[in-house]
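Okay, here we've got a single chain as structure tokens, the form predicted alone, with questions on binding and movement later.
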Amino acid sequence: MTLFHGSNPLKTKSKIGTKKAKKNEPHSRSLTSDISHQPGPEKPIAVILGESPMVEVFAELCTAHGYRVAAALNNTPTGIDMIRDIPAQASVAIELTNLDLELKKKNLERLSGAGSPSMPILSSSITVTATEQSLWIERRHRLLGIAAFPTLLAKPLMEVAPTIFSPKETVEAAAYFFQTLGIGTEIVQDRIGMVIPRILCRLVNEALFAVMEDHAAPQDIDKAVQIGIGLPAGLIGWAERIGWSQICAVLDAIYNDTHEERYRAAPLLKHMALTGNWWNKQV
């Protein structure tokens, strides 16, 4: 039984299509009937909304694995099949906004009101929990959190955070979708920052504290990390690829959630997020 509309031939052993809807699960029947739809001649459609460069990266990945992509960036026009309306036959929707939560909410409301009643909505959940996001929309069972972070989207593993409203059908549909992209999934708790982004942002933050306190220059920290633990770009170099504002947003969100000092963003990190420039050109 295939889980998505489209031509992907992958199968699953799940018994999703045979599960009967319960009276207290009004979403079950529409969800199971849609994701068990038999494949047709058309390519499955992935709808992607959110921030650059994550939209472009994920759109390229989906296209390379047989999906037709309908995408839109938050602020800048994109050449990737720009959309005004969400295709009714879309197989999956992905929302990739971490910085502007008001815009993220509008994107999710737009996705919630479009597509089939069972189209999974996979939303970046590193600056706001998936459960909170699900409260913004109708058909809350459709939404799952994912650890969408620049430089991590095309990695072989994706963290997935179910909400308190997520049935197993939506979780299985998400796992199937990532499987078609050659990506495995790992279920994690629905917490801000999730796992890898949280760890990575803390490491970058500590590196910037070290720079501020004159323990080491940025290039020396990167050299030590490259040689000592084999991280090719180094922490500072990797942070520049991720984007300082992305790292700062994750740490601020975790700090506001936990009030733990270990997540307080270094003043230098806040400076970099605002300006993108080192405060001292000599370092």
Partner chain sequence: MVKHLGIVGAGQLGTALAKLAILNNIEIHLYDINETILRRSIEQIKSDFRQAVQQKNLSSEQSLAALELLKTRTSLPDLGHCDIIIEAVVEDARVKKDLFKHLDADNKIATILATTSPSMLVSSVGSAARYTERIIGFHFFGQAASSELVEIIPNINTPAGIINDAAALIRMIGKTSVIVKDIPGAIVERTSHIIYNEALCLSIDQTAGEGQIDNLVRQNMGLPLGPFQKMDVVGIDTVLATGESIYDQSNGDPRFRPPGIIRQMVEAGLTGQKNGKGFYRYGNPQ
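Numbering follows the first chain given and starts at 1. The structure displayed is predicted, hence computed values, not measured ones.
One more form of this protein exists, namely the form predicted together with the partner chain; it is left out here, but the text below deals with it.
The partner chain is not drawn, but in the predicted bound form it has no heavy atom within 4.5 Å of Leu135. At a distance threshold of 4.5 angstroms between non-hydrogen atoms, Asp220 is in contact with the partner chain in the predicted bound form. Taking non-hydrogen atoms only, Glu206 approaches the partner chain to within 4.5 angstroms in the predicted bound form. Of the heavy atoms in Glu109, none are within 4.5 Å of the partner chain in the predicted bound form.
Checking 164-172, 86-94, 189-197, 119-127 against the partner chain in the predicted bound form, the stretch whose residues place heavy atoms within 4.5 Å of it is 189-197. Between the options Ile247, Leu235, Ile45, Leu49, the residue in contact with the partner chain in the predicted bound form by a heavy atom within 4.5 angstroms is Leu235.
Taking Ala210, Leu181, Leu103, Ala114 one by one, only a single residue has any non-hydrogen atom within 4.5 Å of the partner chain in the predicted bound form, and it is Ala210. Taking the partner chain as positioned in the predicted bound form, the residues of 216-238 that bring a heavy atom within 4.5 Å of it are, in sequence order, Ala216, Asp220, Ile221, Lys223, Ala224, Val225, Ile227, Gly228, Ile229, Gly230, Leu231, Pro232, Leu235, Trp238.
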